[in-house]
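Here we start with a single chain on its own, the form predicted alone, put down as structure tokens.
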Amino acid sequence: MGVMLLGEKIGMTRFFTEDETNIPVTVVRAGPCYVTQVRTPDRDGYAAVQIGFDEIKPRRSTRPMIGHDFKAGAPPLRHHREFRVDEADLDQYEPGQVLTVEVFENHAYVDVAGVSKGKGFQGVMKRHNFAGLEASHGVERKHRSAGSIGGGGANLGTGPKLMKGRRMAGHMGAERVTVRSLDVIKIIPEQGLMLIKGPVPGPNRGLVEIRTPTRLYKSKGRKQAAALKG
């Protein structure tokens, strides 16, 4: 099992390699995260580690959460998340331990999860990439409409209601998104920053979860294994 850190998406910039290759990257402030609880199979039924991120003033938290963090030897924290670990790896974690961006020092790829940007109520062309109606002569002026929906009814369109899953206009975005196998371009431990290439979900200053990749293709798997060996 891998490790996870909570971080804050700062924004995008560019990174130049030694051969002057321009790489667009997203800057993420990863950690520091405090271990606030270690869950064991004997007590909780599963093995996991709970971490907290983003220190806040006590008046911005609640008394139960302040006591929970204080019991672990951590200050009041804004966000708390858990990640599963193998039971044999529980000895590596203890309450109050601080996890920094250096845990990803030898990683070539990471998975990043976050809440995507909310787009509000959108039509079918923006939400589902519909082509829209023709813009030629004789076409009614509702080119961005969804068109007929009755043909998707139950029993070949003769049923009383539409089949489930019909793509229509509605709320777009503001949902949890996980992007897998993003390239780690550089880690700056002094500032707690990580430069990631690829579409990191969410807006600037949004919360993201950075964790060890769970599914890698053969080429990326070999590169990740070589990086972990140092």
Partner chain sequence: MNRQAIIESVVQDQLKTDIPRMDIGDTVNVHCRIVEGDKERVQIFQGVLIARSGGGINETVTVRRLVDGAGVERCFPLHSPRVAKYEVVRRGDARRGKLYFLRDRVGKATRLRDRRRGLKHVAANKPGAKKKG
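Numbering follows the first chain given and starts at 1. No experiment lies behind these values; they were computed from the predicted model shown.
The same protein has a further form, the form predicted in complex with the partner chain, not shown here; the description that follows concerns it.
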Handout entry: Heavy atom within 4.5 Å of the partner chain in the model of the complex - residue from T40, T62, T178, N204
Key = N204
Completion exercise
Partner contact check in the model of the complex: of 65 to 73, 181 to 189, 164 to 172, 40 to 48, the stretch with a heavy atom within 4.5 Å of the partner chain is 181 to 189
Exercise for the section: Using the partner position in the model of the complex, report whether T21 sits within 4.5 Å of the partner chain, counting heavy atoms only. Expected result: yes
Handout entry: V27: touches the partner chain in the model of the complex, heavy atom cutoff 4.5 angstroms
Key = yes
Exercise for the section: Determine whether any heavy atom of F16 comes within 4.5 Å of a heavy atom of the partner chain in the model of the complex, and answer yes or no. Expected result: yes
Exercise for the section: Report whether the minimum heavy atom distance between L216 and the partner chain in the model of the complex is within 4.5 Å. Expected result: no
